[in-house]
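A single chain, nothing else alongside it, follows as structure tokens in the form predicted alone.
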């Protein structure tokens, strides 16, 4: 059914009647379509669910286009990013086109769904702004970190799960909680993989988050355990290019403090809470999504 989602997304852009927009859209990397899969597995393969999935994925794609401009990213999922290939202004305007078309199609869905998704996109944008502000200095506050990743990443996944449950006449609170925890766990795992995966696997340099001025959960846990001297050294690396010795020092401190292991355990806790939320719903495919995320090699 993802093929139908992809076809509908393309149809939405075709309907704009602008060949340049369509040409650029076709160069946007597709990704795993996590949100679409989630919607279809909760709501079933109905036309309304496919429509919702296409809207949410257009909105998500728009947010990534803007995100790449903010991060000055050269690649997205291992291929050249739109901003790097065509410039920041083109990437921003393409993102605006996808947002606008997504919101236009959103108005055809039930009011409760449209309101939930639209509100989550406001949260997403606030989260993106907070992420930009946090890049100015190392953030040692875990509450601020979790607020940011909830808004930037988890809120749209939460809204997707809620909306799919609404369309299917299921318990929206249970599925919203599942979606929220899935989104939080997803982001924590992504933060971990930035540290544990190779540059080849990531499609970007390892430890890239810290170089970009992102204080993720493993760094927060590590910072808690460091003495004053090592804290000062870690802070001196924040937002800067790292040479091999710098990277090796940071990785050694991750090992000494157990910060990566603790982050993985927290993601697993979030995942189990997501599973608890839907334990009476008999949805093995949703259980599989969580388990594949938290029961993997790092």
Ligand code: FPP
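For clarity, every value in this text was computed on a predicted model and none was experimentally measured. Positions refer to the first chain, counted from 1.
The next section is about a form of this same protein that is not shown, the form predicted in complex with the ligand.
Shown without its partner, this chain lists 180, 116, 214, 101 as candidates; in the predicted bound form, only 214 has a non-hydrogen atom within 4.5 angstroms of the ligand. Scanning 172, 142, 125, 80 against the ligand in the predicted bound form with a 4.5 Å heavy atom cut-off leaves one residue, 125. Looking at residue 49, you'd find every heavy atom of it more than 4.5 angstroms from the ligand in the predicted bound form.
The closest heavy atom approach of residue 147 to the ligand in the predicted bound form falls outside 4.5 Å. Although the partner is absent from this view, residue 263 stays clear of the ligand in the predicted bound form, with no non-hydrogen atom inside 4.5 angstroms. Although the partner is absent here, residue 70 is a contact residue: one of its heavy atoms lies within 4.5 angstroms of the ligand in the predicted bound form. Of the candidate stretches 253-261, 40-48, 232-240, 58-66, only 58-66 contains residues with a heavy atom within 4.5 Å of the ligand in the predicted bound form. Contact with the ligand in the predicted bound form, defined as a heavy atom within 4.5 Å, is made by all three of 76, 121 and 152. Although the ligand is not shown here, in the predicted bound form the stretch 175-194 places heavy atoms of 187, 190 within 4.5 Å of it, in sequence order.
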